[in-house]
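To begin, one chain is listed below as structure tokens, in the form predicted alone.
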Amino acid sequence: MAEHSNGRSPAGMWVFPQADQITAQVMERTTRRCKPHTIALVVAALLAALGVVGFLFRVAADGLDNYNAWGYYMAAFSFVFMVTSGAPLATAAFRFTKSHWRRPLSRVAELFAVVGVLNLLLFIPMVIVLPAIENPTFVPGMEGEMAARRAIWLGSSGVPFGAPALWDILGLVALAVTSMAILWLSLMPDLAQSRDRVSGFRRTIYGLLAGSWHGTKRQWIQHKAGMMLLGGFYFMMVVFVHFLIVSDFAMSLIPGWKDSILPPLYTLIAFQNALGLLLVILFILRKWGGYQEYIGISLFWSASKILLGLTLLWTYHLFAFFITFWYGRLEVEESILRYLMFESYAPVFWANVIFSFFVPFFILLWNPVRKTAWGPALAGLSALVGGFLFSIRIFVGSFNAVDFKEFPGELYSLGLTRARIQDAVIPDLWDIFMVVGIIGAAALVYLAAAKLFPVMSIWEVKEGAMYQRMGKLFRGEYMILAKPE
């Protein structure tokens, strides 16, 4: 590795790994035993076990017919789903823009595809607890609008077949399959050149997944086209599935909540949180994981600008949501503002604003801080806390806006009134167990995948190493980057 500073950029801004040594170095780090990684796996497994305990006790206490009791489970699922579904989107977007700095980030993001399978399993209880669209208390003679819960699935011909459960599950299946295909296609060149360097179970897996890859020109052309097509399809799918989740499990559970801003805000938060988590992971890999010669500060500097833009977009969408309801001034709109922002969940809302906007904004505002590894990572960690608070505010609030067990008909009423605004729900022990368990299960799956497969995209890092070198112009020293496309 060679580090350079021209007096204006900090040392370590650009890194220059040796192309002929990358495969051996990355595989050595992947296969060796690492005590911190083992400890992290054990801790994640213990947290996941707590989640199982909390889930079983919650089922025993409340069953699956009262959705009010499952608000914190849904909030934890939403948080994990947002982050892990947004990560593959990040790497696809940066590939589309041909960003050179994103090469060490790609595999770190793609490995979150394995958590997509876990998301599908975690989502099944939520499909079961979701109330039916048809009003069970509806009788002939009542107002026709009270016959069903307001949802995106209602049309002139009634509720589509299998809606919403079938289509929500199919959406998550499509996301999981597409992200796994992206991961497999990206891994194929690495596994083909690494299968002779490993043994045992890992060698068998590498051989099966590498298939007949030999690195011919035709294969590389097909590989590139496949990555682009899958990335584009994933981008379309993830936006649509986010729309389904936030519509069915948030807006449709608060009577009278009609909002066109929340679905794009949900996707924006997913991208902000995913990029924030990727920066945290990359900081850990650079600082303690032994990948300093692959992860330069230029990655954090470039990604911080995108994270800052996403933070500002978050503020814009929040203001658009607020101003529409504020000037509408219908009773239901005032009630929703009071419930989710200014009365019941006011502390969570203001904490959400602080961690999602103010903290990352003031960290990323300063260019000297952006030119470090720790600054963007700290801003990303703050965004993650904000995203977690957002999921609690939206989904716990939605799941408890109506006391469904005592007054099931209120869920199908024309709108939330001020007289029916519920208090905020404080988590009990089982809620806490489920929240930490879901997050721990996601971490366990990711850590296991990061130990099985190389966390650096060998072929991309090697390609980037051959495109760059340092050169002099007059008295300065600058990086020269080739642009083959």
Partner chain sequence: MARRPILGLFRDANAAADAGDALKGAGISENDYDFLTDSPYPEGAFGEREEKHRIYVFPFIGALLGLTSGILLTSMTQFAYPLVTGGKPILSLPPMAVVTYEGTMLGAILFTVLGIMFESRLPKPKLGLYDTRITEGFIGVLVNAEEDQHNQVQELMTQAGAVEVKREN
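Numbering follows the first chain given and starts at 1. Just so we're clear, the structure is a prediction, and the values are computed from it rather than from any experiment.
Form predicted in complex with its partner chain: not shown, discussed below.
Heavy atoms of every residue among M188, D196 and Y467 are located within 4.5 Å of its partner chain in the predicted complex.
This chain appears without its partner; in the predicted complex, the one residue of T204, T137, N367, Q222 with a heavy atom within 4.5 Å of its partner chain is Q222. Shown without its partner, this chain lists L308, L378, V348, M237 as candidates; in the predicted complex, only M237 has a non-hydrogen atom within 4.5 angstroms of its partner chain. The closest heavy atom approach of W213 to its partner chain in the predicted complex falls within 4.5 Å. At a distance threshold of 4.5 angstroms between non-hydrogen atoms, V177 is in contact with its partner chain in the predicted complex.
Its partner chain is not shown here, but in the predicted complex it comes within 4.5 Å of a heavy atom of D20.
Contact between F404 and its partner chain in the predicted complex is not found at the 4.5 Å heavy atom cutoff. Heavy atoms within 4.5 Å of its partner chain in the predicted complex map, among the stretches 454 to 462, 417 to 425, 28 to 36, 43 to 51, onto 454 to 462 alone. Residues of 163 to 186 that come within 4.5 Å of its partner chain in the predicted complex, judged by any heavy atom, are W167, L170, G171, A174, V177, T178, A181, W184, L185 in sequence order.
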